[in-house]
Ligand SMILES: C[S@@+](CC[C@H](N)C(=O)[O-])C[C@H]1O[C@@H](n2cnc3c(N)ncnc32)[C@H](O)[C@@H]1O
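For reference, the chain that follows is the form predicted on its own, supplied as structure tokens.
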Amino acid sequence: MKLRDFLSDETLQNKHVLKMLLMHHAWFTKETLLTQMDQEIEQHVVDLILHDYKRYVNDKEPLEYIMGYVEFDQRKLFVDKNTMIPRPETEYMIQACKQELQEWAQTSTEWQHIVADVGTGCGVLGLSTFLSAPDWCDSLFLMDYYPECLKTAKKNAHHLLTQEQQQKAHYLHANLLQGLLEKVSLEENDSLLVTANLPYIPTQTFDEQAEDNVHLWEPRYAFISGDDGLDLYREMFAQIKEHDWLRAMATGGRFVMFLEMMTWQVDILRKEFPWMSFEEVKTFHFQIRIVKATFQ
């Protein structure tokens, strides 16, 4: 079958999905899809595409799970049903982290610089942040409570990092920050940047408003966190408070966290944790903020 005939099939209405599946299964480039419409598609490839197209349309399975990866920040990241699919707005968090690292890189070259990604999922935040300054960062910690997520993050690390960079990567099966706080020795003049895009959607909000494909396919634990969505953030800040040496380290070095949450949730955290400072540094939705958290 010729490419033009396949794409003109009126029973296959979602042309974007068809083109994505053509690039995935037939290895066509975007240029091929635009300029080589007489290109032949082998029948077994047509069958594969139609099978996956039905999964997308009839079963509402996300295209990213069907293909097994997502294109993000010009990189291919593996995803599966155990990991939430990275959203385009995740780039706002990465931009904030990159800007912070660039400012750090201008000073204190003799310090140890650590990036730690809490609740790493597929590893998108930690890996993207680390890769913005791989030679300057001394260590990368990818941490998750779910071993399946950690396995996917490690797969992405092996795919994206050089052999030398992989020597700096560590994988912790841990509850939030606990593994890092227990196993990593930080000095007074160290720098620690933590990324934590934890679940922050209130349970009722998720149940009532999440799209069908999210309910059906993506892991529920990656979205919800109690009645007001802040249960995991509260637990993580309680862990920090128990480790006074972290505050001591930040006095001589640096400690900063980048978080994602809703605007009204920022005010709650400010009241409950007055010893922390919460600065809204990025906005990408009328309700959602990227927040920079540091010690007061």
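Start at 1 and count along the sequence shown; that's the residue number. Just so we're clear, the structure is a prediction, and the values are computed from it rather than from any experiment.
Missing here is the form predicted in complex with this ligand; even so, the following discussion is about that form.
A.B. asks: Please determine, with the chain shown alone, which of 128 to 136, 98 to 106, 209 to 217, 81 to 89 has non-hydrogen atoms within 4.5 Å of this ligand in the predicted bound form.
C.D. replies: Only one stretch qualifies here: 81 to 89.
A.B. asks: Can you check whether residue 77 is within 4.5 Å of this ligand in the predicted bound form, heavy atom basis?
C.D. replies: Output for residue 77 is no: heavy atoms all beyond 4.5 Å of this ligand.
A.B. asks: According to a 4.5 angstroms non-hydrogen atom cut-off, is residue 45 in contact with this ligand in the predicted bound form?
C.D. replies: Although this ligand is absent here, residue 45 would stay clear of it in the predicted bound form, with no heavy atoms inside 4.5 Å.
A.B. asks: Heavy atoms within 4.5 Å of this ligand in the predicted bound form: does residue 205 have any?
C.D. replies: No.
A.B. asks: Report yes if any heavy atom of residue 180 sits within 4.5 Å of a heavy atom of this ligand in the predicted bound form; otherwise report no.
C.D. replies: So residue 180 does not count as contacting this ligand.
A.B. asks: Among 174, 193, 160, 186, which has any heavy atom within 4.5 Å of this ligand in the predicted bound form?
C.D. replies: Contact with this ligand in the predicted bound form is made by 174 alone.
A.B. asks: May I ask you to list the residues of 30 to 67 that have any heavy atom within 4.5 angstroms of this ligand in the predicted bound form, in sequence order?
C.D. replies: If the 4.5 Å heavy-atom criterion is applied to this ligand in the predicted bound form, 30 to 67 yields nothing.
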